[in-house]
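A single chain comes next, written as C-alpha cells; it is the form predicted alone.
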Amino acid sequence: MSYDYRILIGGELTKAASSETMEVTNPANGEVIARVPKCGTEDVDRAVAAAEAAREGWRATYVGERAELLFKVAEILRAHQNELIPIETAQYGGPISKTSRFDIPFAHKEFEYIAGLGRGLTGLTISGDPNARMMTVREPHGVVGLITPWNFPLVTAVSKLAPALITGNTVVLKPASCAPLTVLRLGEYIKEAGIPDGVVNIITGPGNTVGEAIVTHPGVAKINFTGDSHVGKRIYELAASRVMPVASELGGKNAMIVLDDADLDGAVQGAVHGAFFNSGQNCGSPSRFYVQEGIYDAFVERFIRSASKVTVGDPMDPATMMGPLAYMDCRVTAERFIENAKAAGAAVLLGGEPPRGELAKGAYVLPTLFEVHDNKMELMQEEIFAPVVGIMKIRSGEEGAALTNDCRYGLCASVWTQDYLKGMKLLDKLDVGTAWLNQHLAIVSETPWGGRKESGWTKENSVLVLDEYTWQKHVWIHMESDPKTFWKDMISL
C-alpha cells in the first residue's frame, strides 16, 4: 500500500489527470494491496499524443539500437525479478511456485528473444518484369494500442510490447485494471533503460472508458487485444468504423482427445496439469476431455485420484499448486456454471462445492470434474476460465475430432495416442490454431500462438509475431526511361 504506482506518459511517471485512483485487491483474502491511477479519456489523449510525437524518431532509429534498448530492459527486469514475483502473485493469485518459475523469468527472456529476432526482419523481392525491380518494404503501423488481460499480467504485456517496439512502432499500453502492478513497474524500467520519451506509454483504468478510448482514438493505427470473446467483439465493432486492423487472442474451449492406446499415466498427468494450471485461468487450458471407451473408466479413476492431490491454498506458499481466481466475480461466474451443469444433468465426479474455512474468504474454486453425455451442454461449449471441466466417453478418435470442432472456439486441442500416424491424421482434422500430440499447454517464445473462429485472429510469439506489427509496402522501380503502357501507341506527346 505504501508504493506510489504511477502511469507512464511521454517519459514522465505521473498520476492520472483527474488524480483519481482505483484499488487493487488480493483475491486470496480480499485485502487492498495497492492503489493505482484511474485514468480517463484525457489521459488517453495525452498518451496517444506522446506516442505520435515519438513515432518518426523511433521508426528512424537503427534496429540494432532498438534491440540494445530491449536487452537493457531485459537486464533490468532480471535484476528486479525477486521483487516482482510476490507482486505478481498478490495481484492476481497465481501461485508463487508458478510466478517464480514462469511468469517473471519469461518476461526478460521474451525481451531478449524478440530483440535478436527483430534484427533479421526482411521484406520480399519479386520477379515480375525484367525491366523493373520489385520488392516489399516492412514498415511499422505507427501508434499501436495494446490491451492486455489479468491471467498472465506481465507475460502478455511483454509478448505484445517487445515485438511492437523492435519493429519501430510506438505504444499505448493498458493492462488489466485488477492486475496492473507489474506492468506499471515495467514502465519504470523502460524509463530507466533509456527508451526515448513517448515511445512507450502505460495507462491504467476501466476498459469501458480507457480501453474504448484507445480503440476509437484516431491517432491509433492498430489494436492488439487479449481477453474474452465478448470484449473482443466489442473492440471489432468499434474498430470497424475506421477500418482499423485488430489482432485478437480471445477465448478458448479446448479439447483433449485420449485414445485407447495412449500412455494412460502421461495423459492423466497432462490432463490434470492442463486443467488446473493457473486455476484454469488460461485460454489454452483443456476443459473438454473426450476419452475413448476402452480406457475411459481407468482414466476417470486416475484423474480423480491425481486431481484430489492438487494443493489449493495461499498463493504465497511455495507448496500451493492452485491459488484463487483473479477476483470474486470470477468465482461467482464459475459457481453459476457449476450449478447450471448440475441442473442440466451432468454428474459431479469431483468438487462442485464451494470452499470452506479460510478459502471461503477468497476467490477460490476447487478442482471440479463433471461427467457429461451431451456436447451441446453449456459446460462443454462456453469458456468458464476456472478449474471446472467436463469429460465424455467416445467410441473413436474421429468422433472426438468431430466433437472438438463442434464449438465456436478454435484455439487449441491435443490428441493422445502412441500411434503417431493415427495421431497426425487426427491433428489434421482439428480446426484449431495449435494442435499438440501427447502434450497440452507447451508454449515457448519460438512457437506461434493464436487461434481461429471466435478464438480470435493473430499470432503471438515466434517469427510470425513480427507480421502483426508491420505491413509490407510494395515498391516498383522501373529500369527504363520509357515506361511501357497500354496506351503508348495511342497517345503522342
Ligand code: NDP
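Since the model is a prediction, treat every value here as computed from it, not as a measurement. Start at 1 and count along the sequence shown; that's the residue number.
Although it is not shown, the form predicted in complex with this ligand is what the next lines describe.
Visitor: With the partner left out here, check for me: in the predicted complex, does some heavy atom of residue 383 sit within 4.5 Å of this ligand?
Guide: It does: once this ligand is placed as it appears in the predicted complex, residue 383 has a heavy atom within 4.5 Å of it.
Visitor: Counting only non-hydrogen atoms and a 4.5 angstroms cut-off, does residue 74 reach this ligand in the predicted complex?
Guide: No, residue 74 is distant from the partner.
Visitor: Using 4.5 Å between non-hydrogen atoms, is residue 278 touching this ligand in the predicted complex?
Guide: Contact with this ligand, no.
Visitor: Residue-level question: is residue 317 within 4.5 Å of this ligand in the predicted complex, judged on heavy atoms?
Guide: Residue 317: no contact with this ligand in the predicted complex.
Visitor: Thinking of this ligand in the predicted complex, which stretch from 395-403, 243-251, 374-382, 88-96 has heavy atoms inside 4.5 Å of it?
Guide: Answer to the contact question: 243-251.
Visitor: Pick from 116, 207, 219, 294: which residue has any heavy atom within 4.5 angstroms of this ligand in the predicted complex?
Guide: Flagged contact: 207.
Visitor: Pick from 154, 165, 147, 322: which has a non-hydrogen atom within 4.5 Å of this ligand in the predicted complex?
Guide: Checking each option against this ligand in the predicted complex, the one that comes within 4.5 Å is 147.
Visitor: What residues in 411-448 sit within 4.5 Å of this ligand in the predicted complex, counting heavy atoms only?
Guide: If the 4.5 Å heavy-atom criterion is applied to this ligand in the predicted complex, 411-448 yields only 411.
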